[in-house]
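Read the single chain below, which is given as structure tokens and is the form predicted on its own.
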Amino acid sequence: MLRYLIARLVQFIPTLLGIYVLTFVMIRVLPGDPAQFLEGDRGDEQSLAATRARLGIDEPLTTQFWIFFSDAVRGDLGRSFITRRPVADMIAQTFPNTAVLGICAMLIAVGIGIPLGIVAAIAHNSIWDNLSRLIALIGVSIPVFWLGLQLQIIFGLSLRLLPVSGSGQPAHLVLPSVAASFGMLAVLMRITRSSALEALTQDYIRTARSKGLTQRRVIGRHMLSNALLPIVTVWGTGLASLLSGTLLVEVIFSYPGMGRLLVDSIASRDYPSVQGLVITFALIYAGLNLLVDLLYPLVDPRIRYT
């Protein structure tokens, strides 16, 4: 296991380097000038040149990249062009909000999607199975921004049950968590249903039933344990996607997380903030995928022996 972990970490080094290069290049090919944003329409060429020199964006791109890369390797993500605060501090301030939102959304998706998928597999071709497939189809088809707006209109403006923006209270998490979780809930339901259906056709399930085991024991002890592998895969990638992909949800609900910070940084051409946030998202995604790979031997001992 240790050798496997070291090999995966070594394989991630060129990926991280590619992320550094792509992030640096893409933010600079976008139209817009940070100096112009800071100076406004009243800035003349002399003041713009002075601002560019102060920000360090008048240097050649190779020099800028080397400064960015060498600082990032040491854990220094630079200072924001707009707030002049360290980017690492800004990320540390907004990361807990994004993490809480992502975890709440995943709890909703897992708590509803997996049980519904199991019920759909057990009651194959019944009304419950058809209903679950309909929910899954709707879940993967509805855009998250549309769902978020509808939740705001219904539960915030019409019924006045829940707040439509902000943070600080548990009620502020309800609508964003539901909007962020719906797509993953549908995917988990479909994967759980198909994986459970495949497991139910295996010989060990028929053997367990022929021994007189109860339905609960057959499902919990034999079927679910053998159907967990694809579910764990989807859970891990889904959690990584939720933590790094709540951008639209945070913007719609004015939620102060890393996604909203990234949108604001892109709009203001805040190069250090965009670069630091993209790298952080990439590290989160890679770390959670590595965690899923390490969970495989615990879920299925055959992988450990292989």
Partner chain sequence: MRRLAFSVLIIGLLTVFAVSVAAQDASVTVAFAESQPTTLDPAAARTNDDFLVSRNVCEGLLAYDPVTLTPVPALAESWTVSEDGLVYTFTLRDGVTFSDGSALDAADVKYSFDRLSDPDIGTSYTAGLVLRDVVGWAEARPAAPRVGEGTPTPEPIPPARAISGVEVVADNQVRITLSRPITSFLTRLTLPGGFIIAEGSGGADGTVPPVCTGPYVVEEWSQNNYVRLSANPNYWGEAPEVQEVTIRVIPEASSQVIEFEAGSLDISLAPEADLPRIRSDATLSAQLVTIPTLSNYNLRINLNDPKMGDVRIRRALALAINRQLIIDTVLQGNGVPADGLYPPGLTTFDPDFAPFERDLDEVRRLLTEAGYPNGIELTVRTDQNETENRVLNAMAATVAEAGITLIVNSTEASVYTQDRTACTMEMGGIRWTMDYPDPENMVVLLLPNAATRINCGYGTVDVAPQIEALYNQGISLPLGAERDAVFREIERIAMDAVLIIPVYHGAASRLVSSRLGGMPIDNNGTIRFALMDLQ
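Since the structure is predicted, the reported quantities are computational estimates derived from the model, not experimental observations. Numbering follows the first chain given and starts at 1.
One more form of this protein, predicted in complex with its partner chain, exists but is not displayed; see below.
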Select, from the options 186-194, 165-173, 106-114, 134-142, the stretch whose residues sit within 4.5 angstroms of its partner chain in the predicted complex by heavy atom distance. 165-173
The one residue among Ala53, Leu61, Met26, Ile67 placing a heavy atom within 4.5 Å of its partner chain in the predicted complex is Ala53
Looking at Arg74, Lys211, Arg216, Arg84, which has any heavy atom no more than 4.5 Å from its partner chain in the predicted complex? Arg84
Does its partner chain get within 4.5 angstroms of any non-hydrogen atom of Val278 in the predicted complex? no
Would Ile266 sit within 4.5 Å of its partner chain in the predicted complex, counting heavy atoms only? yes
With the partner left out here, check for me: in the predicted complex, does some heavy atom of Ser126 sit within 4.5 Å of its partner chain? no
Is there any non-hydrogen atom of Thr237 lying within 4.5 Å of its partner chain in the predicted complex? no
Neighbours of its partner chain in the predicted complex among 134-162 [non-hydrogen atom within 4.5 angstroms]: Gln152, Ile153, Gly156, Leu157, Arg160
